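Shown below, as structure tokens, is a lone chain in the form predicted on its own; questions about how it binds or moves come after it.
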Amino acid sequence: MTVGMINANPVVHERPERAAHPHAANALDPLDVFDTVRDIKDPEHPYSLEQLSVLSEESVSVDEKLGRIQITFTPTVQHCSMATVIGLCLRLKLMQNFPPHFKIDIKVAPGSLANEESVNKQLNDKERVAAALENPNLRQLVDECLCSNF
């Protein structure tokens, strides 16, 4: 058992392969967004957020008319100390891969985290996100999660 892990034995799901999906050439759909974030590595485990069921296709919504991308993720345990890191990873990956006119909302699934309200507030406050990403240790952890090999 690894010292310091909140969830030392997570349930790992097989990663399904994706077939190409047809859609309008210029349209952005939830599957495009999911395909962008599905392989982000969990900060504590050598598995992707998809493999740990932190993310699923159903947890992503896109409203192109309003220019909004929303992701709701589910931490593996109620007292997950890495929820903000996961949210930062999601936000940064979306910011790097989609036009800046999209408003990005990252939320914890209702009832899935003990401090859900404060985490949601942190993840959707631009100043807090910017400050967090200026922290070299936190930024290194986020970058490691984004450089996955799944």
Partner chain sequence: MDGGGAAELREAHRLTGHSDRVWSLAWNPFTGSGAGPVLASCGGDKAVRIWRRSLDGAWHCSDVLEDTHNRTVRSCAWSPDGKLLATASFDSTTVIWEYSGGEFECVATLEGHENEVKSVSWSSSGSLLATCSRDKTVWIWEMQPGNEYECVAVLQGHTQDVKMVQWHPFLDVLVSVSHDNSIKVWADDEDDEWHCVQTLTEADNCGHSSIVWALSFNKKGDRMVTCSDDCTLKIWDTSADLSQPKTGDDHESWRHLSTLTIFSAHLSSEDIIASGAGDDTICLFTEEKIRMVEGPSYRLILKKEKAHDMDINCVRWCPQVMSVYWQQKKVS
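Residue numbers count along the first chain shown, from 1. All figures in this text were calculated on a predicted structure; none of them were measured in a lab.
Keep in mind the form predicted in complex with the partner chain is missing from the figure; the text below concerns it.
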Answer with yes or no whether residue 140 is in contact with the partner chain in the predicted bound form, where contact means some heavy atom within 4.5 Å. no
Taking the partner chain as it sits in the predicted bound form, is residue 100 near enough to touch it, meaning that at least one heavy atom pair lies within 4.5 angstroms? yes
4.5 Å heavy atom contact, residue 125 to the partner chain in the predicted bound form: yes
Among 100-108, 41-49, 56-64, 80-88, the stretch whose residues bring a heavy atom within 4.5 Å of the partner chain in the predicted bound form is 100-108
Would you give me the residues of 55-77 that have any heavy atom within 4.5 Å of the partner chain in the predicted bound form, in order from first to last? 68
